[in-house]
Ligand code: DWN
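The data below hold one chain only, encoded as structure tokens and taken in the form predicted on its own.
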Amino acid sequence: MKKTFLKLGKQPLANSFLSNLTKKLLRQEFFYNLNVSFNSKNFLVSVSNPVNPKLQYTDNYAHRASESATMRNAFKQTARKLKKRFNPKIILEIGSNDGVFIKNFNRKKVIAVEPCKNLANLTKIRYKTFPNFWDKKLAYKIFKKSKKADLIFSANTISHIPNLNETFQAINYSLSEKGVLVIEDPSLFSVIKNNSYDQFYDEHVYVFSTLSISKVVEEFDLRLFHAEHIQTHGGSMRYYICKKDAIYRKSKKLISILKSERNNKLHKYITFKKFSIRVQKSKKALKKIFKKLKNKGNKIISYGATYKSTTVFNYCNIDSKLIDYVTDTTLNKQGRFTPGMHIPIISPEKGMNESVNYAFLGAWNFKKEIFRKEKILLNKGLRFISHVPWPQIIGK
């Protein structure tokens, strides 16, 4: 039932930013083979052999959603929308990160689940927080003697959990009879459309389509009743799920999206095989751009030490010979080195100046925010390199 269609080679953990390049640390760096498969039974696209989550979500987890103005605004708008539509009395968030979503709610209503203790420590001061991985044991602990959740929210987390059976069984138990589960995750349709193979890395065990989510939740007496496109992460979907016999009707929007995905053959293996061929061609074209610019003496950096760029750099073998350094606003990434390719990471204050000729859009999904921020340098001739939807040089 599962067939491999994409091989992205030897990859490190996307979150493993090295503090130095000593022989000991280099020997300890973890690598795995990143292969991606399609399941013809439930239409799931997934990493063939997922990495153990305990290696990924540690006490030193680097990503903090609140550090992006785009994400702060997106979660604020989402919280406002969900409050207005569902008026939940008890809200559970699975994968609360640094609290960027839950801070928009009354703290007495919120329960947060976050396995990375450094992030859980940020929210536990104000919100009821469980520093654990989401599973049935934790669900029983939280809700055995209390009312069930009216709203369970999870952004960019369900797709990170290898065991979907455990995940949805725990959700079904935790959800009130009229409760709603709302999931946000990268859209498989957008990945195929944008040729954005960098959405595949160790944490993204799954990249969901609406078709696959619809099929999967049915196995756990849950039902998808609405879905909508959102702009975050280069194209994502928001899924609304309820218990099988809940009052919510399937929306016209959901019916339209399901029809569109079938028309675009997201339930067919051949679609992903063709995608794989485009990815291979993209690799060659991107490498060609870098080499040509570097041979002419240009200074090339990368904008954003993102998890997505980890996949691109390691798949395309783009290292410090082609990129001078990476700039990133995240303080606990600065002074470190990118996973696998070991390119130094510095602050934008140090790295973004007129000496830079080209910058790779590692954070291409924040292009509008980046272009606003770097308007002056763009006007002075700075150009960006992007690999989506096809390797190209772009300006203001």
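Computed from a predicted structure; not experimentally measured. Heads up: residue numbers just count along the shown sequence, starting at 1.
As for the form predicted together with this ligand, it is not shown, yet the points below apply to it.
In plain terms, the part of the chain that comes close to this ligand in the model of the complex, with a heavy atom within 4.5 Å, is 360 to 368 out of 24 to 32, 360 to 368, 39 to 47, 335 to 343. Only one of the listed residues (Ser212, Thr123, Thr306, Ser196) places a non-hydrogen atom within 4.5 angstroms of this ligand in the model of the complex, and that residue is Thr306. In summary, among the residues His233, Lys148, Lys294, Lys109, the only one with a non-hydrogen atom within 4.5 Å of this ligand in the model of the complex is His233. Within 4.5 Å of this ligand in the model of the complex, a heavy atom is found for every one of His63, Ser68 and Thr330. Contact check for Tyr201: a heavy atom falls within 4.5 Å of this ligand in the model of the complex. Among residues of the shown chain, Gln169 is not one whose heavy atoms approach this ligand to within 4.5 Å in the model of the complex. Under a 4.5 angstroms non-hydrogen atom cutoff, this ligand in the model of the complex has Lys373 among its neighbouring residues. Using a 4.5 Å cutoff between non-hydrogen atoms, His160 counts as a contact of this ligand in the model of the complex. Although this ligand is not shown here, in the model of the complex the stretch 162 to 182 places no heavy atom of any residue within 4.5 Å of it.
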